[in-house]
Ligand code: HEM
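Next comes just one chain, in structure tokens: the form predicted on its own.
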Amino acid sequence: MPALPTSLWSSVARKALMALTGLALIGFLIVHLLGNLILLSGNADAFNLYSNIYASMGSFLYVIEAGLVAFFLIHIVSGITVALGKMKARPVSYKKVANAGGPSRKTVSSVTMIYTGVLLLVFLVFHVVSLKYGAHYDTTIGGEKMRDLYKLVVENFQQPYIVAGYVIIMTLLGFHLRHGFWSAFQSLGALQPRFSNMIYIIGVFIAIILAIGFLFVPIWIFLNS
């Protein structure tokens, strides 16, 4: 396989790719959460109709899934190589991990990005396998036969260890997004000093909403089923 031109895989290019794919994936997470919130209604038909929208796309669904996989892979590979580059540039780690404040925005979130990212990747594989290739139940709505994904999700979230795992991972997601959102704008050179605090606050808000939203769903189902 021929090597990529240096300019296409430079440190700046990798940071830009990581930023762009990261922002796109945040958009995906927001849409995904909105769909998951249907679970809180307890209306199995509503959730199954929602999930069947994707199933009814046929071959186009594979295109969407391939695109998502590509975005995740680009984000992961560029993120890991950027992190390894920073480690190589600073072989001696900080003696203390703490919030530095100021323009650097050095926080526990920022210095643990690679670790939370790897754990989120492991969770993503588990999440996809457990739902996409989990038990297949059928239901009929309006005369149309479709997969009863609601039943599978509820069954999974009735397991204490799965719920506990989701809570932990979604908390880590919050930490990852807290720094990732602000860092994306910085990497793209779109972070003007007068907007820095505002972008950081927006990032923290998005991180909290997504983390709480995703971890609240399994807790709600566990306590009410």
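Bear in mind the structure is a predicted one, so any value in this text is a computation, not a measurement. One-based numbering along the sequence shown.
In what follows, reference is made to the form predicted in complex with this ligand, a form of this protein that is not presented.
Contact check for Ile114: a heavy atom falls within 4.5 Å of this ligand in the predicted bound form.
Although the partner is absent here, Ala190 sits far enough away that none of its heavy atoms falls within 4.5 Å of this ligand in the predicted bound form. Heavy atoms of Leu25 reach within 4.5 Å of this ligand in the predicted bound form, making it an interface residue. In the predicted bound form, Phe181 approaches this ligand with a heavy atom inside 4.5 Å. Checking 152-160, 182-190, 196-204, 41-49 against this ligand in the predicted bound form, the stretch whose residues place heavy atoms within 4.5 Å of it is 182-190. Shown here without its partner, the chain carries Lys15, Ile76 and Leu177, all of which come within 4.5 Å of this ligand in the predicted bound form through at least one heavy atom.
Of the candidates Val118, Leu131, Ile141, Met87, Val118 is the one whose heavy atoms come within 4.5 Å of this ligand in the predicted bound form; the others do not.
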